[in-house]
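A single chain comes next, written as C-alpha cells; it is the form predicted alone.
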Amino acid sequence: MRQKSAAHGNRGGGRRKRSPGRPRSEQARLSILSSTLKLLGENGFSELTIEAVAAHASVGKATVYRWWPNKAALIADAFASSTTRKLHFPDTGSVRTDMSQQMRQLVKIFRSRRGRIVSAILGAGQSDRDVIGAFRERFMKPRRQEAYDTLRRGILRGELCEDVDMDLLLDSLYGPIYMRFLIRHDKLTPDFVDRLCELVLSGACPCRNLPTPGMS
C-alpha cells in the first residue's frame, strides 16, 4: 500500500509540469522560414504555395497562417530573418564608416543567391501591393529605423547637419544600390559603396552649408 501510495503521489503532486510550448512553436516557425527560402530558390515566387511550405516544414497549413496572413508576408519575413543579423548597423564612432559597412553588407547579399529572392519580391511587388507592402514593413522598415539611429549619432557628433533630411539622405544612399541591382547598368562593388558614401554624406556635412568666401 505504501508503494502504491508513493506511486500515486508521484503521479499527483510529484508530477513534472509540462514544459511550455514556446520552444516547439519556435522550432516550427524557424522550419517554416527555412522551407520558404528553400522552395523559393527552387521554384520561384509564383510557384510557391503555403501548402507546399507547410508540407516541407512538416506542419499544418493552419500553423503557417498562425504567424503569416499570406504568402507575401511569409516570403518577406523569410528573407528578413535570413539577413537581419548581417545587416545590423555598427557603431564605430564614424557615421561614414557605419553607413559604408552596412551598405557593403547589403551589396554582398544582393550579389549572393539571396539577391534572386529580392529580385522576385520586387518584381512581383510591381503588380501585387501586398508583396511590396510586406517587403517594406517586414524588411525595409526595421533597417530604416536602425539607419535613423545611426544618422542621429552622426548629428550629435557634429558630422551631419542638425536639420538634415534623413529620409532624403537615406534615399540618396540606398537608391543607387537598388538601381544598379535592378537595372544592372554597372557593377555593385565595395568601391562603389565607399564612393557613394563619400559623395552623399559629404553633402550633408555642416561645413558644406557655410557661405562661399566673398559671396553675400
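Just so we're on the same page, rigid core means the largest C-alpha set that superposes within 1.5 Å between forms. Numbering starts at 1 and runs along the sequence shown. Everything numeric here is computed off the predicted structure, so don't read it as measured data.
There is another form of this protein, the form predicted together with a further copy of the same chain, and it is not shown here; the text below is about that form.
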query: Which of 165 to 173, 149 to 157, 61 to 69, 29 to 37 lines the interface with a further copy of the same chain in the predicted complex (heavy atom within 4.5 Å); finding: 165 to 173
query: 4.5 angstroms heavy atom contact with a further copy of the same chain in the predicted complex for L182; finding: yes
query: D186, heavy atom within 4.5 angstroms of a further copy of the same chain in the predicted complex; finding: yes
query: Proximity of S119 to a further copy of the same chain in the predicted complex, heavy atoms at 4.5 Å; finding: yes
query: Partner proximity in the predicted complex: R138 to a further copy of the same chain, non-hydrogen atom cutoff 4.5 Å; finding: no
query: Heavy atom of each of A73, A80 and F89 within 4.5 Å of a further copy of the same chain in the predicted complex; finding: no
query: In the predicted complex, residues of 125 to 139 near a further copy of the same chain [heavy atom within 4.5 Å]; finding: Q126, S127, I132, F135, R136
query: After fitting the core, G44 CA displacement of 2 Å or more between the shown form and the other one; finding: yes
query: Rigid core fit then R152 CA moved by 2 Å or more between the shown form and the other one; finding: no
query: Cα-Cα trend for R138 and E51, given that in the predicted complex the distance shifts by 3 Å or more; finding: farther
query: In the predicted complex, shift in Cα separation for G44 relative to L182, 3 Å or more; finding: closer
